[in-house]
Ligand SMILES: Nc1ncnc2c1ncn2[C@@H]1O[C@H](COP(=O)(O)OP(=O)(O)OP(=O)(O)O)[C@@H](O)[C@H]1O
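In the form predicted alone, a lone chain appears below as structure tokens.
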């Protein structure tokens, strides 16, 4: 049960000493990855404290620990200077920590007032009129206009967000976490949220604002902490933010987020001695309405022997683009040509026969069938094809020979080729996918987050396979949220944002900064 609704105080006085909330040396580990590594962050009342960082930097893990969804393996959380254990969302609310997530947690079929009443005592009818009055009173104090009796389903995203902020404040929150709060908002709604944050901190509320947009961080933040690879790599305080220009603050943040560029960093490595040939895959003005993020006017081409990287914050249309290219989703406009032949209207199977291959990011759910044998998974996309089937009759010896060859060539660690693929480790399941998609008459290969969730050894092995595919003359599209991976492998790197390509950067000196600017830019279109 959630904490009872209560009317907030007119203002929350700032404590004279300790921060309202602090994380002290917190570390959180998951299998194969350290999501937070000895992180210390202090959150003060009357400030907007911005957390910046790439995907995988550790922002969501910190939010989860503060919200009581996860607990640190090492270190602790403090409230007003005293160590506490935040073991549940209910306890976080009771301690004054409210969280507004990127995706609305409201029930669309209920009114605003009924959403506020959820979690109350079961044995007593909620005082809807009283709750509505407090909603209107709190909204007025914050300069908002909220109809307590409006259906949530009829509200715009920005209005729903305001309702969630009101709900957190009416439950007594002194520290309000806004997790990627502008990601789903229009530019106008984002500006409105920024103004609301300023009004909140003016009343003494501590706000933690998670974003990936530098212009928002500089415009709305009083203090900025930058996370990279699970660590807090630096903090920019109010004095520096106020005294420096926006350009100077931007340079300082980019250096922390993406590392200081060095001569030759991101420039040509050994793998780029390969020969790049003619254009193999041409994508022009590609659009699709399939999926959560529409693909908008995407244009690029990839040559044989080239690795074309696509960078961006996760959830900006990467998966939708990959599925449209692979034929798993339909395009609504534009063209896809492989070796000069239009394939945009063809099936997944026909594209595969033409030489287009797709390595999905969902290894077990989409890329393989967990209960099927390793040998069968090698042939999932070639069922009935020669030489493994002749006139509808299966040839087990051919299937076995091919499976044994793949297991040896791709170093797949499995008890046997008849072992269900779901019993293998994530790295070995990925090797099964690579073996299936990189062999045969492949002309172009699309990789979607190919090293996500793998350990260090399997990451290295997978990256070597990707480079090897390009060395063999294949055109490679590498979609990744790991910028270091793209800088290591790709020849050119595009940045995708809300389904559109913001720009394409030649890999070389200064590429990291250029990509960082494109990834972190606000909506200037």
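Residue numbers count along the first chain shown, from 1. Small disclaimer: the values here were computed from a predicted structure and weren't measured.
Unshown form predicted together with the named molecule; subsequent notes refer to it.
In summary, among the residues 346, 376, 439, 428, the only one with a non-hydrogen atom within 4.5 Å of the named molecule in the predicted bound form is 428.
Out of the listed residues 189, 180, 114, 235, 180 is the one that sits within 4.5 Å of the named molecule in the predicted bound form by at least one heavy atom. Contact check for residue 174: every heavy atom lies farther than 4.5 Å from the named molecule in the predicted bound form. Heavy atoms of residue 256 never reach within 4.5 Å of the named molecule in the predicted bound form, leaving it off the interface. Although the partner is absent here, residue 351 is not a contact residue: none of its heavy atoms lies within 4.5 angstroms of the named molecule in the predicted bound form. Of the heavy atoms in residue 59, some are within 4.5 Å of the named molecule in the predicted bound form. Residues placing heavy atoms within 4.5 Å of the named molecule in the predicted bound form fall in a single listed stretch, namely 27 to 35, out of 27 to 35, 481 to 489, 495 to 503, 467 to 475. Annotation: in the predicted bound form, residues 301, 316 and 361 none come within 4.5 Å of the named molecule through any heavy atom.
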